[in-house]
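Take a look at this single chain in structure tokens; it is the form predicted on its own.
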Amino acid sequence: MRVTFLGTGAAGGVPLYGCDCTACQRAHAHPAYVRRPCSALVETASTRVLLDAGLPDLHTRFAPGSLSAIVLTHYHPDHVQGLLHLRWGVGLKIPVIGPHDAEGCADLYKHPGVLDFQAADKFEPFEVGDLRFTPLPLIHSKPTFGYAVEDAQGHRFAYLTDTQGLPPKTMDWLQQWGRFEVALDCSFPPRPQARGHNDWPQAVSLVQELAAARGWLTHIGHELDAWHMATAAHLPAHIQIARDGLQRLVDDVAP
């Protein structure tokens, strides 16, 4: 199973419009530090699933028929805005699977076009090709799932964004899942009161508490990037900050 981080940014991304902080200046000068809307691509030899659809160029990035499904964490605009244009295409339907949300986003439900919306249930696995997804409830301002993803060989990857902490049942489920790698929300530098998303200490602590084989911090805001530039804060060897374009082959070999 291969995971590609297509976007690792919080809402607004990096550089943030109109901001001249050190992180935004760096991203303007060096495209490698740009953070686009948070999303990932999970692939096997026969299956290709997009996790979240916030990238606005989905209609040009993915050729018709090239995606097995789109799996959504939730319906905030920065995670679904790419669907607003994609839906007007023609041809094969694209399964779009996510949490129950009566509001959805804008008029996507009313005018789905080529999008075939399907609701998943918490802790109830579903399969897309040779990948098995288990929706895990997260703590956010809209109904939100993370996903535990497993391929036919038993390789495991958890994608947990957007969230602040983890519900006890989700934590328990993951702690009993076995060996896995995790991508986890880490939007803010250390702060007395984070809201809606993990800050740095909380995210690092959660990766440790989960006993994940490797952790990737994602959904990162410009304030966190600027803080890390100033402090070079240490991370344990098995935890890294994800960047746009990073690819990871998830297997059972020790990191």
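All values reported here derive from a predicted model rather than from experimental measurement. In this text, residue numbers run from 1 along the sequence as written.
Only in words, not in the display: the form predicted together with another copy of the chain, which the text now covers.
Colleague: Could you spot which one of D172, E127, D107, E124 gets a heavy atom to within 4.5 Å of another copy of the chain in the predicted complex?
Modeller: Answer to the contact question: D107.
Colleague: Just one of R191, R26, H228, H59 has a heavy atom within 4.5 angstroms of another copy of the chain in the predicted complex, so which one?
Modeller: When another copy of the chain is considered in the predicted complex, the option within 4.5 Å is H59.
Colleague: Within 4.5 Å of another copy of the chain in the predicted complex, counting heavy atoms only, one of 132-140, 81-89, 157-165, 177-185 shows up; tell me which.
Modeller: One stretch meets the cut-off, namely 81-89.
Colleague: State yes or no: in the predicted complex, is some non-hydrogen atom of G12 no more than 4.5 angstroms from a non-hydrogen atom of another copy of the chain?
Modeller: Contact with another copy of the chain, yes.
Colleague: Answer for A63 alone: is it within 4.5 Å of another copy of the chain in the predicted complex, judged on heavy atom distances?
Modeller: Yes - in the predicted complex, heavy atoms of A63 and another copy of the chain come within 4.5 Å of each other.
Colleague: With a 4.5 Å heavy atom cut-off, would you call I94 a contact of another copy of the chain in the predicted complex?
Modeller: I94: yes, in contact with another copy of the chain in the predicted complex.
Colleague: Given that another copy of the chain is not shown alongside this chain, does P236 nevertheless sit within 4.5 Å of it in the predicted complex, heavy atom to heavy atom?
Modeller: P236: no contact with another copy of the chain in the predicted complex.
Colleague: Counting only heavy atoms, which residues in 7-24 are within 4.5 Å of another copy of the chain in the predicted complex?
Modeller: If the 4.5 Å heavy-atom criterion is applied to another copy of the chain in the predicted complex, 7-24 yields A11, G12, G13, L16, Y17, G18, C19.
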